[in-house]
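One chain follows as structure tokens, the form predicted alone.
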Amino acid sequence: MKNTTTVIIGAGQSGLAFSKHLTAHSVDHILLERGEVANSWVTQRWDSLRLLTPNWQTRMPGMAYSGNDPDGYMTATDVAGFIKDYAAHTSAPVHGNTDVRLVSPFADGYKVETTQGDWFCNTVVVASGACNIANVPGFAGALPQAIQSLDLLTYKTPDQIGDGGVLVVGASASGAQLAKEIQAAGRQVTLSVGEHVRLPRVYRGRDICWWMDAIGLMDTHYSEVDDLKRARKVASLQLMGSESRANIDLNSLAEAGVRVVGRLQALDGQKGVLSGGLRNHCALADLKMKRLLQSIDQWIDAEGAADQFEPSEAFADTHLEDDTPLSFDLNGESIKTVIWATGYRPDYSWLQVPVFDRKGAIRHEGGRASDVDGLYVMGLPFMRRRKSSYIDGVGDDAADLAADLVSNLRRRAA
């Protein structure tokens, strides 16, 4: 068994940022990666994916985007290249092509069993990400066998979809983007909509991400939030990275020919049972968008900077048909493919440590495991800040938790 002070599981942006700070603290460590650095960006994304955040916001500790298109949006391949360059820039001690089979308590630390041998360490950082498994609802198993079923890990391009209509379930960033792409490819798309976050791509001449950064929204600390559980479950922003910087919302999708229905909550043969909350979901999304834009206007006024930006603008409320159905006939609508754009969940099957809640999530306090000593987690939604799951957010979180880890080691040694 080999020894090191800290094992970081995952060599994506979260693990590499943590590694950078551990190196600054002179903490001996390794990173274990099941494939190559940034493996998931290469193997687990659909072909046309682009980041929701502009290139200038792709920044990590000691390195940031330096290309000639700061307002553009990286492809998945570009992101993988950036992260690989970062690993080389920081000389991160990555052990690639190493699957972690088991992590368990051992002596006064942890035993990490891998396909390339076992390690003993004092502390473990779980940086394997929150997007390991497609989070498909249980009732998806009731889908008729004749209908093709895809999810966010198996969908790559419209070319893999057969003839007939397509039902996209979920209208956050991924679902909205796929609905737009598949409709443009000539398929008739129906989009099943639940809770979502509607935002314009550009407001008063600046990318909405610029505004959320400028007014401090993305730096909101988890201790400042009243309902943290809800905040950590908020859907991804209904945005799309494109050269046109176009909005992608239910209005623009409907104009493109996409049919909008309520949230799919059950399947009964060829019948889909829909929630009756579509109108409420849309009204709430419209209201929250208006509140954010109002807060931006107020920030501009407080800074006395109105002359530096374009005038404020209003966006039309989400338009819905008068009749919003409560059921959906798959056969009648000629649905031949269903794409479950219902998010992801992490895979902790290898983590044999008593840190889980009843839903299988790691119990933690801002990234430090609540029930055991020396275990940390990175990259989860709103883990320490609203930006925790963004590339731009991992640096600050890693700095905080690396400092906590060092204090933990010093306490043990005292």
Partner chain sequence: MTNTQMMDTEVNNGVNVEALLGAREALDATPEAAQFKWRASSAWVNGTHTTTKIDTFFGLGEEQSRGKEFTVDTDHPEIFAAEDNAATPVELVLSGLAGCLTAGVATIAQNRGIQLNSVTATIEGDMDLQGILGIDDEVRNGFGTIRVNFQIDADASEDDIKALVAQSQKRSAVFDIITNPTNVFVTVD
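All values derive from a computational prediction rather than experimental measurement. Positions refer to the first chain, counted from 1.
Although not depicted, the form predicted in complex with the partner chain is the subject of the following passage.
Legend entry - the partner chain in the predicted complex: contacted by all of Arg230, Gly277 and Leu284, heavy atom 4.5 Å: Yes: each residue has a heavy atom within 4.5 Å of the partner.
Inset, instruction - Using a 4.5 Å heavy atom cut-off, state whether Thr115 contacts the partner chain in the predicted complex. - result: Close contact is absent here: in the predicted complex, Thr115 is far from the partner chain, nothing within 4.5 Å, heavy atoms only.
Inset, instruction - May I ask you to check whether Gln298 falls inside a 4.5 Å heavy atom distance of the partner chain in the predicted complex? - result: Because no heavy atom of Gln298 falls inside 4.5 Å of the partner chain in the predicted complex, the answer is no.
Legend entry - Distance check, Ser236 to the partner chain in the predicted complex, heavy atom within 4.5 Å: Flag for Ser236 set to no.
Legend entry - Residue contact check: Ala266 to the partner chain in the predicted complex, 4.5 Å heavy atom: Ala266: yes, in contact with the partner chain in the predicted complex.
Legend entry - the partner chain: the contacting residue among Ile133, Ala254, Ala306, Leu326 in the predicted complex [heavy atom, 4.5 Å]: After the contact test, the surviving option is Leu326.
Legend entry - the partner chain: the contacting residue among Ala184, Ile215, Leu102, Val273 in the predicted complex [heavy atom, 4.5 Å]: Result of the distance check: Val273.
Legend entry - One stretch from 157-165, 284-292, 205-213, 90-98 that, in the predicted complex, holds residues within 4.5 Å of the partner chain by heavy atom: Result for this chain: 284-292.
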